[in-house]
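Here you'll find one protein chain in two forms, each presented separately as C-alpha cells under the names structure 1 and structure 2.
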Structure 1
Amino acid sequence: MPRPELQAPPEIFYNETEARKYTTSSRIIEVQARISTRALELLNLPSDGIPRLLLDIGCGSGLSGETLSENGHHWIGYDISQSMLNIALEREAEGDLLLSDVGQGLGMRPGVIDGAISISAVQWLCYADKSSHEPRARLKAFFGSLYRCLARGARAVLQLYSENMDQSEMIMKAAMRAGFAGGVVVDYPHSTKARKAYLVLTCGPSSMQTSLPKGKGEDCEDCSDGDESDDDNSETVGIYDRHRPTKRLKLNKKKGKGKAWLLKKKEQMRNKGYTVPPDTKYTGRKRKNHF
C-alpha cells in the first residue's frame, strides 16, 4: 500500500471506514495512546499538577486528546475530517473540537496556549491536494500561527512520519522560519517498526541545547540485527536553532562504515555468487539526517 498521504487528501482518506478503526482497532488505539503519552512527556510542562490549556493538531478521534484529559489538561483539537471528529463526539472527547484545515492557520489569539501536541498529522501539509495548495505556504501559515498562539517558552511536540529527507527538511525549515528553536528526538532509531520521530519545538529563546531529551532505545536495546551491533552508537538527537549559523545544523552527522568498506563487502558478496547492484557514484554516498 502506498502512503496514505499519496492516496487521497486527508478529509477523504479519513472517511467513515478509516475513522471507525479508531474505535475498533486495539492496535491503533494502543499506538495513539503510547505516542501521545510520549508527546506529553516531551512537552515538559512544569510538574506542579496545574492543568494547562493545550492544542491537539489533527486531533481526529480524540484518542490522543484522551491522554491529555487523563492528565488533567484542557485541550482544543483541530481536525479537517468530519468523520474523525464524529468519532471524537461518539467517544465523548472532553476537549473542544474545531473542524479546520491547519494549513490555513490556527486562528488563535497570541500567547494564550501552554503547549501543543500533534500525532502523525503535520506531514499531510507537504502534499498539494488542490491546485490552490502550495505546501510551503501552508506550512508557513501553520507554523506561523502556532508560534504566535503559544506562550513564551511553551513547546510544541509534533510526531510525524515524513516520506523522505526533503520533506523533513522542508518541515524543519518552516518551523525555524516561524521562529521556533528545537530539534528532533527519535525513539527506537534502530527499529523500522517502533521508530518514531518527534519534532520538539520551543517558542522564543530556549535552552534546548541542554534540555532536549534523549530518544528512547537509542542505545540499541531493541536492536534486532545482531550484525549491526558494531555500528557506531549514533547520535539521533539533531539540534536546530535558526539563530545559529546554518553550517552547524549538520552537527553530529552519523558516520557510516564508509565507501571503502561497502565496496569491499559488495565484492565479497559477488564472489560468493550473490546478485549485487553495480557500484555507482551513489554507492555509499553520504545521507543527510532525516526523520
Structure 2
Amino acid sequence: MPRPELQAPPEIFYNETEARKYTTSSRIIEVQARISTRALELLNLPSDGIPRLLLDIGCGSGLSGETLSENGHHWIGYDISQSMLNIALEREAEGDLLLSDVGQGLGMRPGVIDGAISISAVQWLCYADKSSHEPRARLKAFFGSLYRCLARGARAVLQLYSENMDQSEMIMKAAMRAGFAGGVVVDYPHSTKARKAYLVLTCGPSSMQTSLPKGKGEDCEDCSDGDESDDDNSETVGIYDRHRPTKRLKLNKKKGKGKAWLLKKKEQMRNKGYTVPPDTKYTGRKRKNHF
C-alpha cells in the first residue's frame, strides 16, 4: 500500500471515514501511546511536579495528547484535518485544539511553550500538495515559528517517517537553519517494524546539557556504542551542529558605471549649466529595495 502522503493531502486523506477508522484501531491506539510516551521521555522535562505547556503538532484525534494529559501537562494541539479534530472533540480531549496548517507557521507568542512533540506529522511538509506549496519554504516557516515560541533550552521531539535520505536531510537542514541544536535518535535500529526515528531539537546552541540520549535496542535496553551493523541507517544517535549560513559578501561587480563614472557624469552636467545635487559619501550607492 502506498504511503498516505502520496495518496492525498492530509486534510483530504483523513476524511470522516479514515479519521474514525484511525481512531478506533486498537493497534494504532497502542502504537500512538507508546510513541508519545517515548517522545515525552525524550523531552526531558524537569521532574518537579509542575505542569508544563506543550504543543502537540499534528495532534489528530487527540491520541498522543492523552499521554500528555495523563502526565499532568497542559497542551495545545495543531492539525489540518477538520475530521480528526471533530473526533477529538467527541472524545473530549483535554487540550486546546487549533485547525491550522503548520506549514504556514504556528502563530504563537515568543517563548511561551515549554516543549513540543509531533507524532508522524512533519514529513507531510515535504510534499507539494498545491501549486503554492514549496516544501523548503514550508519547513522554514514551521521550524522558524517553532523556535520562536519555545522557551530557551526547551526541547521539541518530532517522530517522523521520512521517505528517503533526501527528505531527512531537508528536514534536518531546515531545523538547524532555524537555530535549533540536536540530532536524530533511533530506537530499535535493526528492526524493520519497531524502528522509530525521533528528531530531538533544543532551542539554543548545543551544550553538555543538550546531549542526546541513546536509542533503545531490540532487547529494550539502550544500544551501546559498540553495536555492529552493516546497515548505514542503523545508527542510534545522529548529532548535527547548529548552522546558519553566513551572509554573502556583496561584491561590487558593476562594469563601467561605478561611482567614478557617476562623479564624472555629474561634473559634465554642471559644466553644461544644469543643477546637480552635491557630491556626498552616499553618491553612487544603490538604494535598497525596502526600508
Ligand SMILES: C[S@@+](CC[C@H](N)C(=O)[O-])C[C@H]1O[C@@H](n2cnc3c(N)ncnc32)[C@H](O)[C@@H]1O
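A quick note: this is a predicted structure, and the numbers were derived from the prediction, not measured. Between two forms, the rigid core is defined as the largest C-alpha subset superposing within 1.5 Å. For numbering, take structure 1's sequence and count from 1.
The form predicted on its own is represented by structure 2; structure 1 is the other form. Superposition on the rigid core between the two structures places the CA atom of residue 12 less than 2 Å from its counterpart.
With the core held fixed, the Cα of residue 266 is displaced between the two structures by 2 Å or more.
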